[in-house]
Ligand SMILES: Nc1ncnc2c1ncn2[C@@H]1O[C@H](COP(=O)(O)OP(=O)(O)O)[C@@H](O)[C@H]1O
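The data below hold one chain only, encoded as structure tokens and taken in the form predicted alone.
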């Protein structure tokens, strides 16, 4: 059963360049141990909401609290508060290239550990453990630029898992992946869910949401929440899904 509220956003509104709406009065809670699906068509605001929950985008209206502390530009300017937050929330971007910028996969996996101030021994242990779990041990010395999309996706996930965050955010995790890699990723998410990790998965894939989530929030093309319910209820409401351009 889901536990305490870990992340709580209330009345979030955001516009890019003060012109282009992304979120309009969006509220969401994420509880410990649950798997939450953020459903919505492309452009509905799912990615922006994930970036808010990851402390990468700050809304001009509304508030966001994580683990009992306010999260905004001012609070994250404090080094200690920033470190606490970054160690507990990890975001896997839709495009792996956004997370792979080093000369080798090994260096990319080490980067997060170094930001957390971990020593070389602990960093080496974590990289080895995560690489083994993701099946990328043979990729550690290779450049991310020379990997397939599926291999890049595994490496990008590794850069987050190596920091052992309490909350894992995934933006369209299966987008553009081949069937074999998709099946592997669904299996990984299933194992993470079974282990008690808190997951937030943004997707427009209704089948993926039904398989992996305990609860769903549906964002409409007007960037508002149009449904906030248990997954079976949300996926059964044809009117909601049609209005949100999901079917």
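Computed from a predicted model, the values in this text were never measured in an experiment. Residue numbers count along the first chain shown, from 1.
A second form of this protein, the form predicted in complex with the named molecule, is not displayed here; the remarks below concern that form.
Under a 4.5 angstroms non-hydrogen atom cutoff, the named molecule in the predicted complex has residue 21 among its neighbouring residues. By the criterion of a heavy atom within 4.5 Å, residue 44 is counted among the residues contacting the named molecule in the predicted complex. Contact between residue 48 and the named molecule in the predicted complex is found at the 4.5 Å heavy atom cutoff. Stretch 35 to 43 is the answer when you ask which of 35 to 43, 63 to 71, 205 to 213, 177 to 185 has residues with heavy atoms within 4.5 Å of the named molecule in the predicted complex.
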